[in-house]
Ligand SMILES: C[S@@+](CC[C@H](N)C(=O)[O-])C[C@H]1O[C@@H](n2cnc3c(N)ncnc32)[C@H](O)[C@@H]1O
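In structure tokens, the next block holds one chain alone, the form predicted alone.
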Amino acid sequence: MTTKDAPKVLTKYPNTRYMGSKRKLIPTIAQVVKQLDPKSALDAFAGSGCVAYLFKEMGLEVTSNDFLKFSYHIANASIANSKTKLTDKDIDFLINTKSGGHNFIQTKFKDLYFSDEDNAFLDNLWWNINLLKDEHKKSLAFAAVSRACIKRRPRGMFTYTGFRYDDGRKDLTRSLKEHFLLAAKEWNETVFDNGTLCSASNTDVFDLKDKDYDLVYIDPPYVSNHSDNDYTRRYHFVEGFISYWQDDEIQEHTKTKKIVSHPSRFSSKTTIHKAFDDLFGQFPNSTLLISYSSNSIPTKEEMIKNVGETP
């Protein structure tokens, strides 16, 4: 695939440092999907959302799903949303309206990830986001602040405190307010109507109902012998921010003040084989497109065998 033929998602969709993002595989995935010629698709583990956005760009009726709330808002802003954008008036309201008296982040996360000024900005911003009446505008704002927080952090993660991994990137010199303004503009630019009814959901994959999707894209958090697949641990701060930690339990004994991770059958070597068996059988009328990591469990050969044995 030439640069001219490459999907616009590679230039239009905000790039991320999201763990496991398939952005580099977008041209390959696009070629495979083009050959399959589906009309509808489910991205069952959407993550950064770039694959679901590719499907939308290709004219498919897309359902994007992820168990993380901040990933859901990214999809609701860019996949399910076909026309709504944050106006200049909205952005002015979000960053300049004083909510007053809210300091949870300033207190709980002081000196852990961001400056006092950045923390105060986040405290104020959350309350203003929730005053927006339009759900797509809320999602655009949550997508923007999630991107801002991740870009503001060295290495883009929250598994450590402080700034000891400062790599000299310009992103680390910008305030969260500056990052938010840039991200809001970027997410606004992703909004378009592909002529179908796309949607976003925030649930466990096994709670999804089969809607006879032509294509189901599967890229779960694979277990590995060399690393964990705990996305909540890496992005707990942005995940907790979505509900202002009202829906999440903070593990107070941890230095990072991380939240309790979402239970997943894909997180354990003892349950992951059965999880894949059940997942493959969940969509019997769909073509399954699977992204696979060569150092993961189960092995490629085991997965192929399981698909063949699925009734």
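Just so it is clear, the structure is predicted and the values come from calculations on it, not from any experiment. Position 1 is the first residue in the sequence shown; the rest follow in order.
Not pictured, yet referred to below: the form predicted together with this ligand.
Novice: May I ask you to check whether Ser264 falls inside a 4.5 Å heavy atom distance of this ligand in the predicted bound form?
Specialist: Taking the distances in the predicted bound form, the answer for Ser264 is yes, it comes within 4.5 Å of this ligand.
Novice: Is Asp90 one of the residues lying within 4.5 Å of this ligand in the predicted bound form, judged by heavy atom distances?
Specialist: Answer no; every heavy atom of Asp90 is more than 4.5 Å from this ligand in the predicted bound form.
Novice: Whether Asp118 contacts this ligand in the predicted bound form should be assessed with a 4.5 Å heavy atom distance threshold; does it?
Specialist: No - in the predicted bound form, heavy atoms of Asp118 and this ligand never come within 4.5 Å of each other.
Novice: Within 4.5 Å, heavy atoms only: does Thr173 come near this ligand in the predicted bound form?
Specialist: It does not: once this ligand is placed as it appears in the predicted bound form, Thr173 has no heavy atom within 4.5 Å of it.
Novice: Tell me, which of Ile259, Ile242, Ile272, Ala44 has a heavy atom within 4.5 angstroms of this ligand in the predicted bound form?
Specialist: Exactly one listed residue reaches within 4.5 Å, namely Ala44.
Novice: Scan Ser293, Ser21, Asn15, Thr287 and let me know which has any heavy atom within 4.5 Å of this ligand in the predicted bound form.
Specialist: In short, Ser21.
Novice: Among 160-168, 203-211, 98-106, 78-86, which stretch sits within 4.5 Å of this ligand in the predicted bound form, heavy atoms only?
Specialist: One stretch meets the cut-off, namely 203-211.
Novice: Heavy atom within 4.5 Å of this ligand in the predicted bound form: which residues of 52-76 meet that condition, in order?
Specialist: Asn65, Asp66, Phe67, Leu68, in sequence order.
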